[in-house]
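To begin, one chain is listed below as structure tokens, in the form predicted on its own.
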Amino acid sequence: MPKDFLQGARDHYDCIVIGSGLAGLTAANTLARTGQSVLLLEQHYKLGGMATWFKRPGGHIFDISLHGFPVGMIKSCRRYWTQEIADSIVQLKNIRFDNPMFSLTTTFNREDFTRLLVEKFQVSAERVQAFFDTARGMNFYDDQSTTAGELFERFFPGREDIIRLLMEPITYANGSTLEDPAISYGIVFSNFMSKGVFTFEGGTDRLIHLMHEELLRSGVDVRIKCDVQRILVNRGRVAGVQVNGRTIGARAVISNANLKSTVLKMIGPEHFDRSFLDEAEAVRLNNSSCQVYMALRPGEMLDESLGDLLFSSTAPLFRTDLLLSRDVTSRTYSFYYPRTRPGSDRCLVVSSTNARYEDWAGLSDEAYEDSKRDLVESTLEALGRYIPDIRQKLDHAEASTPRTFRHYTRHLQGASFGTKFEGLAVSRALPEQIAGLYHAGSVGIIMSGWLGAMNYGVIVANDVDSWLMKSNRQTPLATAT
């Protein structure tokens, strides 16, 4: 008889959170701390969403997305999680660039970038300061018509090399392109420029384990392998969910699923105004990515002069279409040393490239497996430029693609970064359409990586708590309309 993963779950909660990405986890924990009863439902067998890991024979543990985030994670983790989590966040001090235009190493903060732009790229200090001040002053309510490309042309006209230095890491971090709104670039860039790039010491498995423990201490009812089929609505108000064939009522629901899946599938078009529905349908999905995960044999060490992050490219210029092409010319390498996972004698390398879902979706099973093997081989060949004996040191290698992300996360088209900027307005407007319904997921600039995910979860949790305090305590039995 199959296991009942909802055994012991109540029939009604103050709030149900669908999905355990960092936004969903943080929203659930924040709400539970206020005294609300919270049920967290995750369709996978592990928590974390994209912030997760997998194991392979030989003791290898790979992080899916643990490659770097801004210093603000320390404050957010201390405030909304635990001091132990905050204390485990450490800086990555050696960020490298290597491409036909330049090769350099940086601590990736404003002070060092100013030095590089003035000394290496021969830009006046006044212009550099004006650019940084403009980027830092951007907020969500600024003009959205100015593109990132136009921002660069204003301050650094004709400087393709500077565009590459300033844009390539942010494209890697959140999928931004030169055609996207300048604010989707400027806010994220300024977050990193504050203090540099940080990571979680001990790996994602330790992070999610600590978060799970804290959720339980806060009183969250955490359930895995619980696939929500439907968000229920009754007379314009959220009523609960259908999950694993069971109906569970709730006064509020937060979806941490893909925004378009939430609106068009889990709820359904019939519950929304036509104008809102048009806006939701017009939201563009962000791009996906491919990774190659490489583990060295136990005891085989990497020279730490390789850096922590390496933005490597053979393309003559920075172009979005080149970054997304199946003919890979640009790779971002994340190097994991034993200090990244204390007590380990393992070194790992993860190569990441942006990708289009449609380039992988239509392949036959045989062609798909061949393409993954080719991706591994071409990556090893490219990495050999930096680690000549990589094949001799290697113990395990495998690839993931947009199809992999689509399978495990249920993200439409395997979108690694959710939706483009216009998704933010649709996400925020959900409770205006259906009372008690909220979304906290990958939408636009405030969802750029781990810090954005966590902070958006807090924002939405506070909205829900305020609404619950004001709303009528009596909620109709969860019934679909």
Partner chain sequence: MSPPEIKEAILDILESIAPDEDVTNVKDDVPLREQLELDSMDFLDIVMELRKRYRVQIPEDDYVQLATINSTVEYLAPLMKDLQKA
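Model, not experiment: these values are computed from the prediction. Positions refer to the first chain, counted from 1.
Heads up, the form predicted in complex with its partner chain isn't pictured, but that's what we're talking about next.
Of the candidate stretches 273-281, 89-97, 160-168, 70-78, only 70-78 contains residues with a heavy atom within 4.5 Å of its partner chain in the model of the complex. Residue contact check for T34: one or more of its heavy atoms lie within 4.5 Å of its partner chain in the model of the complex. Put simply, Q413 is far from its partner chain in the model of the complex: not one heavy atom of it is within 4.5 Å. At the 4.5 Å threshold, heavy atoms of D14 stay clear of its partner chain in the model of the complex, well away from it.
Using a 4.5 angstroms threshold between heavy atoms, R428 counts as touching its partner chain in the model of the complex. Residues of 450-470 placing a heavy atom within 4.5 Å of its partner chain in the model of the complex, in sequence order: N455, V458, I459, N462, D465, S466, M469, K470.
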